[in-house]
Ligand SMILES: Cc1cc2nc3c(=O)[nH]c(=O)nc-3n(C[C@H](O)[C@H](O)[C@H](O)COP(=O)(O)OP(=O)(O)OC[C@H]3O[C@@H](n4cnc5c(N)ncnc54)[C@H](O)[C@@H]3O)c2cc1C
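Next up is one chain by itself, shown in structure tokens, the form predicted alone.
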Amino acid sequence: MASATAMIIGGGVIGLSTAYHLARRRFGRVILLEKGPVGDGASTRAGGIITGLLWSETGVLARKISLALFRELSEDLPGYRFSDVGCLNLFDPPTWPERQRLLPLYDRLGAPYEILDAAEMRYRWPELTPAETDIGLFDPLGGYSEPEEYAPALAQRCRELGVEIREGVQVTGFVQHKRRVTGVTTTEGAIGGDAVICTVHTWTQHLLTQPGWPPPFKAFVHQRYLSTPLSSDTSAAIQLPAINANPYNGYIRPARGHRLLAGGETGWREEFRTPSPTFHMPALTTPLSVQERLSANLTPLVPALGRTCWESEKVGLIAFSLDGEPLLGPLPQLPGLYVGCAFHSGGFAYNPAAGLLLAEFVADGHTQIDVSAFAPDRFAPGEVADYLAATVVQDEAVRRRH
């Protein structure tokens, strides 16, 4: 495939990961097109948490790939290191049975876990004070990354591998020949190729509706915060895992410089409809009450949060498909076009596997695991039309965290 050309739309971590894996396979010419700077969208606004203990077989298998690749990338990417502190998934008694039913799936697929009660969690992590009724599902292979380190390191490695990264180039449409996608139109003219991989975030709805595929997902505003240092001794990092704190309506993890990073939903907010292809995420805002509510929710779990305040905020978007699972793979009705989007709040966690799987689709025509459950065309057209026509608030969407 040395003479083939693959074009990737979107310079977030999904697009960069796809470029990385195609380049490592020596697929041919790999061109990545990004309308702004690389990593300017949701990627560097992510929480960076990863767990392999998901809710479907496909998700668990894909996350096993991601967890292995994050560790490999720690050796291959300059200036990046995966923090393998584990991931603690918290549940309360009403929500635990639904997750408990998945334990046989984790056993069958070889996804390790520990079930911890409140006393065991407090003993293991003295900074943590869960409620007596909380149940912990600990993923020893989980952890987190710092997105601001990961995205530029991945971009640098892509360039070293020969990927052409073109920033400031916006894709405006697709070139088609006999219904096959054979290239893209851009603000700098048309570019032809053998495969086009669309990995842009909510802009997908503007791009792919043009050739006749309205993407079946909705987007919601998401915000995450970084605290001031907990002490002047930045070498004394707080001893916590990454925590999906479901009963507390948020997540929290350690961060660089003896800080805490946390985020949460605003379930009362209506879906966000990306206004145009030129929209940039820095334009998003949230009311002050959101960070106040997040502190009030999470401080009972992590009292150290009460010794600090929020230093910075980043606001982005998360996207949920009709069934909450990602959209990943080829579009049969538009041969030559592949998509990778709608990764709920876990796009960063999926990105190493998503990039590898998209590269396998493009180079081999098949993937090492069955991802038919993620097929972009799995929904009936009428079902998609009804879903997109309705306006919902985030609490009415399928809830997924990392």
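Everything numeric here is computed off the predicted structure, so don't read it as measured data. Note that residue numbering begins at 1 and tracks the sequence as displayed.
Below, we turn to the form predicted together with the ligand, even though it does not appear here.
A heavy atom within 4.5 Å of the ligand in the predicted bound form is found for one listed residue only; from Met281, Val85, Ile238, Leu226, this is Met281. For the candidate set Val181, Leu90, Met121, Val169, a heavy atom within 4.5 Å of the ligand in the predicted bound form is found for exactly one residue, namely Val169.
Proximity of Ile9, Val13 and His222 to the ligand in the predicted bound form is complete: all three residues have a non-hydrogen atom within 4.5 angstroms. Although the partner is absent here, Gly52 sits far enough away that none of its heavy atoms falls within 4.5 Å of the ligand in the predicted bound form.
Although the partner is absent here, Lys314 is a contact residue: one of its heavy atoms lies within 4.5 angstroms of the ligand in the predicted bound form. A residue is said to contact a partner when one of its heavy atoms sits within 4.5 Å of a partner heavy atom; Asp377 fails this definition for the ligand in the predicted bound form, lying far away.
The closest heavy atom approach of Ser345 to the ligand in the predicted bound form falls within 4.5 Å. Checking 54-62, 23-31, 38-46, 359-367 against the ligand in the predicted bound form, the stretch whose residues place heavy atoms within 4.5 Å of it is 38-46. If you take 187-204 and check each residue for a heavy atom within 4.5 Å of the ligand in the predicted bound form, you get Thr199, Val200, His201, Trp203, in sequence order.
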